[in-house]
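As structure tokens, one chain now follows by itself in the form predicted on its own.
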Amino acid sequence: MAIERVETTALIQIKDLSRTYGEGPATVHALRGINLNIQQGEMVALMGPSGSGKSTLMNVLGLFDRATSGSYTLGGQDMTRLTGRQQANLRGRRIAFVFQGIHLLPRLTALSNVELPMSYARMSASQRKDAALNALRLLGVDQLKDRYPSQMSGGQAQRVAIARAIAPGPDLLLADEPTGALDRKSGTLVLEAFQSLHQETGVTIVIVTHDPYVAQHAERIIALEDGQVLSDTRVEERLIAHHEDEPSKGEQS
């Protein structure tokens, strides 16, 4: 059964947002006057084919790129008015990222991988460990805390990567094709992890995907085409991911 949520304050407000590259006849209009709001606590799928503008929009949301025109407000603060350094500082504190590539450091255990980004923040060693263990527990992989990436399955490693992203307590989690490199079984485990995380923490999640199956696990689907919002719909028959955990590499026969 889908989780009922009450929409309150919009975490993200985008008005007339455009992004162009190049000049003259070579100008590329990656985003064309986009308008949308994403509420605090929503789980949204940003969907579209290659070239639709979804990756550009994610880069703007994640403060890796600036809009050419229009406004982007995050938590009531206009991102277009911030300097590059201010954006970088805010990105580190409030926004987390999960990518298609897992990017765990092979010589560190799961626990150490999750702790690592927090070592750059003003947190004590005990605070980092507690936050990392809690994140691993939320993602259902705390039993893997002493294992190295080579000892994990693809789905397990991706869930550790998600734990690493959410351990510092961000307001916004951006996931770019998080199941794209996984088989369907492992991908389902990751989608289950996103839904459990969303239910238990209320973090706002935006998943960028081209896969309708992945998008159906969100509460809302925003479809882009040619740099514009093609449709923005609530998911009436939301898929709830559920799968028994897969064995780690060391447990497979």
Partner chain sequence: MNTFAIAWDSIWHHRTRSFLTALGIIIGVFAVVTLTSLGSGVQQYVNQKFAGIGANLITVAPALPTSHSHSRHRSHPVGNGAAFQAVPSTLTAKDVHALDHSGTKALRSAAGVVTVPMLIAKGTTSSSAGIMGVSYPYYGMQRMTAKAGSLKGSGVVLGSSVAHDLFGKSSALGQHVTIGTKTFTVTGVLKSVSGAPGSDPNNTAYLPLSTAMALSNQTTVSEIILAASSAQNVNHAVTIANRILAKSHPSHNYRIITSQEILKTVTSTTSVITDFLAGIAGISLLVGGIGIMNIMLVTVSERFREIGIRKALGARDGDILVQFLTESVLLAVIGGAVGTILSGLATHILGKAVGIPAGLTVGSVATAVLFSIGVGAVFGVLPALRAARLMPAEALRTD
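Please read all numbers here as calculations on a predicted model, not as lab measurements. Residue numbers count along the first chain shown, from 1.
FYI, the form predicted together with the partner chain isn't displayed, but the following is about it.
Q: Quick one: is Leu116 in contact with the partner chain in the predicted bound form, heavy atoms, 4.5 Å cut-off?
A: The answer is yes: Leu116 has a heavy atom within 4.5 Å of the partner chain.
Q: Mark Gly75 yes when one of its heavy atoms lies within 4.5 Å of a heavy atom of the partner chain in the predicted bound form, and no otherwise.
A: Output for Gly75 is no: heavy atoms all beyond 4.5 Å of the partner chain.
Q: Considering non-hydrogen atoms and a 4.5 Å limit, does the partner chain approach Gly140 in the predicted bound form?
A: Heavy-atom contact with the partner chain at 4.5 Å: absent for Gly140.
Q: Classify Gly180 as contacting or not contacting the partner chain in the predicted bound form by the rule of any non-hydrogen atom within 4.5 angstroms, answering yes or no.
A: Judged by the heavy-atom cut-off of 4.5 Å, Gly180 is well away from the partner chain in the predicted bound form.
Q: Heavy atoms, 4.5 Å, the partner chain in the predicted bound form: which of 67 to 75, 151 to 159, 93 to 101, 131 to 139 makes the cut? Say which one.
A: Heavy-atom contact with the partner occurs in 93 to 101.
Q: Suppose contact means any heavy atom within 4.5 Å; which members of 193 to 215 contact the partner chain in the predicted bound form?
A: None of them.
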